[in-house]
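Take a look at this one chain, the form predicted on its own, written out in C-alpha cells.
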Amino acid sequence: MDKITVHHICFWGVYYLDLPIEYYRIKMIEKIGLPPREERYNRLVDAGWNVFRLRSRDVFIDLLTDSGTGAMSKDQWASLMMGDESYAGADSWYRFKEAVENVLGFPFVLPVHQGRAAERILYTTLLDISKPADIVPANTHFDTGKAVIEFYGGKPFDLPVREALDYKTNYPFKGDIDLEELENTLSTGNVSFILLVLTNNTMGGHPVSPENIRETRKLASDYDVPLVMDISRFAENAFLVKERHPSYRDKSVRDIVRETMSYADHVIMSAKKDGLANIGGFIATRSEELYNRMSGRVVLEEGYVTYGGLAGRDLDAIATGLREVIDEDYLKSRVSQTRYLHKRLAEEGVAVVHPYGGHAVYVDVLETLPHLPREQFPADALAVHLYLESGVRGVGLGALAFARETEEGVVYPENEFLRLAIPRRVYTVSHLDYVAKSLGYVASRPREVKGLRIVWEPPIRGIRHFLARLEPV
C-alpha cells in the first residue's frame, strides 16, 4: 500500500468519521455495572433525589465531574514510588516546585489539598488586603469560589460576554469577560481583584481568548488591582485557542500557556483537572510578599508549606501530570472526545450549547424542559431522570446551584444547564454513544421529567446543590 493511500485512510478516520482517536492504550480496567431500573429508583430515593448523594458503585457512566476522576499514566504511577514523605523539604516538593515554574512560570508556589483550599486562602487574603473594596468581577464565577467570596463578605460579579448567552451560535471564545462592564465595575473603586476562570466552566467550558486576557491585564494595571486566574483547565484553554484562533495555529500549546500565564499576578489551580491527578492543588504567585503572607495560612489550615496537606507521592504525580498535560497528542484526544459527544447529542436532537468546550458538553435545559418552572430546578430534575433511565450521572448547573435570595425575591441565573463532564483517559467511544442515545431518549419525552423541591438544605449559601435533599413535585 503506497503512502498516499495510507494518508487518506488516516485522514478519513480522524476527520471524516469524526471519531475521537485515543493517543494512549489501556493497561488496566475497572469493572462497572448497570443496576436495574427499579434499583436505580430506590437508590435515588435513598439519595434524596440528589445525584451527588448516589454511591459511585450504583452509577454506570459517571459524568458528574472531571475533577480528580481521570486515569493516571504509567509515568504518574511510577512517580508515586518516588514520593518522599518527609514532613519538611521533601524531594517531592522540589520536583513539584520545578514543574510549576517550568510549565507555568511562577517562582512562588504553595501546595494545598485541592482547588477550593487555594480559593479560600488566596481570595480571602486578597479581600482582607483590599478592604473596604469587596467586589470581585469575573468572566463567570464557579460554585465553590463564588461561595467562598460570599461567605467572607465579598461580592462576586459575573460579567460574561453577551455572545455567551446565545447558546446556539458558534462564537469561538464564549469564555471571555465583558470588558466594557469590567471597566464600569473597576471605575467604582470598590474592586478587590479580577478573576478569569480558564476555561469558563459555568458558561459551557468555553475558552478565554488571548485578546481578552491581554485587555483584562491592561485594565487591571490601569486600575491597580490584581488579576487572578483560576487555571484548573489551563491546557484545555490553550489547546482551544490553538484550534480556534488563526493567529495561534502555528504556536505550541506550551508557548500559549506561558503567554497566558505571563498576564496573571496570581493563580489558583485544582490539580485534579489539568494536573491529571486524583487530588491536590496549589496557589502560585509572582509576589514574595503575598507568598509570605499566605504561608502562615497554609501552615495553619493545610500543612507545612512544602506539602500543603498532600502526600509526597501526590506532589510527584502532579509534577508529572503538569508536564504531560501540555502534550498536544494528549490534548487532541481529550478535546476530540468532547467534540464527539457534542456532535452525537446534537444528532440525537438534544439542545446542546454551542460550540463544544474543553472538558464537558452542556445541555440547555430551559429548551429541553420548557414545561418546568425554574423553582422546580429543571437542570437537576433532568440529571435525576437521566440517571433513572440509563444509570448515567451528570450534574445540574442552574437554579439549585446558583439562584440567590434577595430582598426583591429569588434571582435566577441566566443559564440552566445539565453538564456532562468527561473524565480524562477513562471512557471510550461506545460509552459516549450510550450517553448520547440515553439522553436523546430522555429529551424526546420531556413531559416524563418531573420537577423537584427542596426537603432540606445546608445553611451555607452557594453549596446547597452538593448536599440538599430533594423530592419529586
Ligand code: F0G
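One-based numbering along the sequence shown. None of the values given here were measured: they were computed from a predicted structure.
Keep in mind that the form predicted in complex with the ligand is not shown, yet the notes after this line are about it.
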Checklist line | Partner-proximal stretch of 332 to 340, 318 to 326, 299 to 307, 266 to 274 relative to the ligand in the model of the complex, 4.5 angstroms, heavy atom | finding: 266 to 274
Notebook entry, point to check: Just to confirm, V197 within 4.5 Å of the ligand in the model of the complex by heavy atoms?
Noted result: yes
Next item on the list: Indicate whether the ligand has at least one heavy atom within 4.5 Å of a heavy atom of N201 in the model of the complex.
Entry: yes
Notebook entry, point to check: Should R424 be classed as touching the ligand in the model of the complex when contacts are defined as heavy atoms within 4.5 Å?
Noted result: no
Margin query: I'd like to know whether D230 contacts the ligand in the model of the complex, with contact meaning heavy atoms within 4.5 angstroms.
Written below: yes
Notebook entry, point to check: Here the chain is shown alone; which of T124, S390, S209, T144 has a heavy atom within 4.5 Å of the ligand in the model of the complex?
Noted result: T144
Note to self: Counting any non-hydrogen atom inside 4.5 Å, which residue from G115, P137, G205, P160 sits next to the ligand in the model of the complex?
What the structure shows: G115
Margin query: Does the ligand, in the model of the complex, lie within 4.5 angstroms of each residue among S67, E119 and R419, using heavy atoms as the measure?
Written below: yes
